[in-house]
Each structure stands twice: as C-alpha cells, then as structure tokens.
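Single chain ahead, by itself, as structure tokens, in the form predicted on its own.
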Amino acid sequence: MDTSSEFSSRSRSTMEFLRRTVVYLRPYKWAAAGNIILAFFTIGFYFVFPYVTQYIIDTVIGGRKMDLLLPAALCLLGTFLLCEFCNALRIIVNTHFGQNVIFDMRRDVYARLQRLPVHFFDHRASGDLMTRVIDDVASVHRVLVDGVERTATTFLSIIVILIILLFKNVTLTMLALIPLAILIAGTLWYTLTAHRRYRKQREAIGAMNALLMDNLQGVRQIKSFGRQNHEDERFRERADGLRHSTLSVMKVWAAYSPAMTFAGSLGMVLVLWVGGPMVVDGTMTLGGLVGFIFYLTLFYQPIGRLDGLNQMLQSARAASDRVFDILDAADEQQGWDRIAPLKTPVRGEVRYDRVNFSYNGSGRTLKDISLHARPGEMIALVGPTGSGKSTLVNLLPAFYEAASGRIFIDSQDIAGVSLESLRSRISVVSQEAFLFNGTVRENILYGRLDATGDQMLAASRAANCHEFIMSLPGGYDSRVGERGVKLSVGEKQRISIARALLKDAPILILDEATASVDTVTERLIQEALSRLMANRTSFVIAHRLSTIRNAHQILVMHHGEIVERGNHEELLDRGGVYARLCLIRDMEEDDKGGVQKRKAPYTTDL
C-alpha cells in the first residue's frame, strides 16, 4: 500500500506567492511596523559602534586624552545596552506577530480541508496533508514575518552604510563594491535553480510523514503479520528520499554561501591593501581606517543576509505551492446552486430517478438507479462486494455528486439543498464506527452538541450502551483512545448508534452496522437499531438475514445495477439472484415462530 502523496503541486511564481501571502500581514500591520521599527533601532545602535571606536582610537588614544576614555567606554557600553534592549522588545513583538499570522494561516488551511468534497481525500495521504497544515504553513510564516523584517532592515542598512562609506572615503568604497557583481550573479543563479530542490524536499517530508501516520494507525496489523522488517525497509526508503533531497539542497548551499562570503572578504582585502598606504602617507587616520572597516563589515553583513533571505524565500515558495493546492481546491458547494434549506418537517420520502455515477469519469459505478422509499420504510441493499451498495447511499448525503439523474427528499431535489441542511437530516452508522480521541461523553454528544445530560443518557440506554459505559473506570468521562482503540468493536458500534439516536435525523443510513460482532453483541446492537430505525426512513447495507428480513424493500445489486427488488419472501419465492445468494451462503432464517429450514440451510451472511 502506497501512502505517498498522490497529487503534485502546481508551481507558482515568486510574485504570485508574495501577492497571496502578504494578505496575512494586513490585520497586523501595526505589529509588523513596530517589529521593523525596533529592528531599525537595533541596527541603528550598532552603527554608533564604529564611530565611537574611531573616536577612541584617534582622539582619546591618539590625542592622549585618557580622561575621555571612561566616558567613551561608557557610551559604547550604553550603545550595546540600548541595542540589546530594543532587540529584546523586537523578539517579543515578532513572536506575537508571527504566532498570530501562523494561527490565521493554519486556521484557513484547516477550514478549507473541512469543506473539501469527500473525493478529495480518496487519493490523498493523511500524513502528507498533515505536513502541509503544520510544516509547510510554518515555512511560509517564517518568510512572511522574519522575511519582511529582514528585508526592510537589510536594504535600509545597505543604503545607510553605503552613504556613510562614501562620505568617509569614495576610493575605498568603490573598491569595496567590486565584489558586488559576483554577489548579484550568485544570487540570481541560486534563485533560478533553488525552487525545484526545495519542492522535492517538501514532497519527501510529506511522503515520509504519510507513511509514518499510516503505520502508526496500522501497528496492530503490522505486528499480527510480522511485517516489522518490511515496514523498516519502507520507512528507510522514505527517510532516504528525504535525506537525499536535503543533501541536494545543502550541497548547493554549501558551495553558494561560502562563495558569497569569500566575495565579501575580497572587498575587505582590497580595502586593507589600498587603505594601509593611505594611513602611512597621512591621507587617512588609523582610526578612520578601522572605522571604515567596521562599517564595511556592517555593509557586508546585510548583503550576506540576502543569501539567507533568498534561501528562506525559495523554501517558502515550495511550501506555499503545497499550501495553496489546498486553499485553491474547489469546496463542496462551488459550482452548485446549493442555497435552499430542506423543507421541514422532513417526512423522509426518498426517490432516486435514473441516477448514474462514476468515480473517475470512465466506466459507470451506478447505472440507471431508480428507487422509491416511502416515509418510515426500511430499504435493504444486498449484493456482492463492489456492486455499488455503499456508493448508492453515499450519494444521498452528497458525499459524491451524481453524474446524471436526480435524487429527491420529500419531492425536493437535493442538488439545490444546502449541504448543512441536507446532512443535518441524515444519520450514518457505518461498519467501522469512528470515535474521536476524547471521552465517551464527547463522542455521544457529537451527534447533538447542545443536548442535555438526560437526553444523552436516554440515547445511551436506547442504544444498549449505558450499562457498559457505567462499568468503565471513568464512566462517561472515560477516554476511548485514538479511533476508540480502548473499546471493543461492539462497544464502539453501540456508542455510534447512541450518537445517531441523539442526532434524531429522519433519514438513516446503516452500512453493515452489525458486521464483525459476536451473537450476544449482535442481539444488543439489533435491539438498539430497532429503536433507531423506528419511524425513520432507513437504508440498510447488511449481509445478515436478521438485519434485513423485515425490510419493506430489498434491492439486489450487481455491477452497479438493481437486478431484483421486493421483500424477503417475494425474492425467495422468485428463486432469482437473492434466493441463490441465500442458498450459496447457506443462510439461516430466524422467523418469529423459530428457525424455519428451507431446501438447504441458510447462513447469516449474504
């Protein structure tokens, strides 16, 4: 099973990246401005250091005015103190500013994920999506917050120091600018080639996290099949892919960054080579040369930061491609005229009118499906695996959109009904009951968040789960573990039934809700389901006769078509596909008067 990312990111230009990400700074423009101003003050105090140093060398030491040494030293100390004080304030403002931005971006990405259609997740690895929400958003946030500040301070520093250098000595300044051509050329080359490498690195991180999440969720299967060594090898391959992509990035950076630093050092050497004789022949003081070199160091530092900014920008661009793939994905309502609420009260009449559906646009999964469920009726769907039973019921809450045909609830076409209104009237109990990693109480109340304690207890008793819940160490406040791992299959199923009872929707979908449980648990679940289905229109997918024998209609499906329909007795007497399924599987029929044997014993599995 491949858990790698199954969709690639569209590459976006730097300008598009900046245009779309800067909107996250607008709500915090004053914090951004304060962050930059404090950074300016921090750098400004650094600018005082070369001037005071030159004064100490030329005036205090050179002029033998030692009485001025202490005030000059205190001035220097005060400069450093003010510099670090402003830097501390900048860090505080930067942290609050940055966390607000990353919160907003993560919230938007998560909200978009929640509103994407179900088919979006069919071919996406959960671990890769998790990486996009956590790691990729963090990478984009760094360039938004730190990048904006560093860019502003870097360019201001370069301009101010360049003016100071020109004022101090034009000849030495021209020499210092010679390496600038090398720095610009190197930056352009790195910018044009880095995005591809960083993108591969982000994809490798997503692929590794996808496998990790998949294996953590399937650890029992791994152990039961003894596949630890196999999974070790699979993880090694993913981790090795990340290692190689990271090495690819760092190998280029290892050559690029020192080369840029060396280019800056070349300018320093040229200044010393020409400035030394100037000091000897008296055209420049020693303090003036030392001060010039200090300012030159401050000039090359922000130029060096441009390399780091470039690296940050390219990494953020690659990450933003993956983030915007989620933000740009069409939500469930896009392109649909879904604005009308479902008319109330909902009676629960459901009609499919010549419905067709295909998952990939080629080959029909459902073919010309028509059915009519009257209010309160139970419709059972039977047939071999892959016959389209689950697909048929998944169209009702609009998890997928029909390719053609129409579906009506109480004569209202659901294609025009808002998803919130539609799904609030439908409850789903699936074969694999999903419980959130919280308490029993939280999982039951998920069906209706504003339900009272008495309403929750009534739903639990009706679902035959109150007794076992009270036997748990914490009762309703017991934690169920990830996906309900601390509970048995039957216990999880009864909690999911309690949740559906609490929702109290007029339409119910049961997808093999009694599968994989023992006989005693099945009886408890059947009793709970009987209460749940009372006065509700129910669509039941089941293999067991005990679940479907009292259905008002049984629809037999094969290759996406309804090949037979009728009640249990009618279909058995007809001797068609349904009857053959019963005979082949050796089904037992449990009638009111006891166990009635037909020509051959019947099993409980269709």
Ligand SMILES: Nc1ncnc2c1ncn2[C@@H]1O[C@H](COP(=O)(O)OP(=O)(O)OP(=O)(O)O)[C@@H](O)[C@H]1O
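Each residue number is its position in the shown sequence, starting from 1. This one's a predicted model, so the numbers in the text were calculated from it and none came from an experiment.
The same protein has a further form, the form predicted together with the ligand, not shown here; the description that follows concerns it.
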Checklist line | Candidate stretches 383-391, 323-331, 481-489, 278-286, one within 4.5 Å of the ligand in the predicted bound form by heavy atom | finding: 383-391
Notebook entry, point to check: Taking the ligand in the predicted bound form as the reference, which of 359, 85, 256, 120 has a non-hydrogen atom within 4.5 Å?
Noted result: 359
Notebook entry, point to check: So which of 261, 100, 365, 151 gets a non-hydrogen atom within 4.5 Å of the ligand in the predicted bound form?
Noted result: 365
Next item on the list: Mark residue 400 yes when one of its heavy atoms lies within 4.5 Å of a heavy atom of the ligand in the predicted bound form, and no otherwise.
Entry: yes
Next item on the list: Look up in the predicted bound form whether residue 310 has a non-hydrogen atom within 4.5 angstroms of the ligand, and give yes or no.
Entry: no
Checklist line | Non-hydrogen atom contact residue 431 with the ligand in the predicted bound form at 4.5 angstroms | finding: yes
Checklist line | Sequence-ordered list of residues in 66-93 near the ligand in the predicted bound form, where near means a heavy atom within 4.5 Å | finding: none
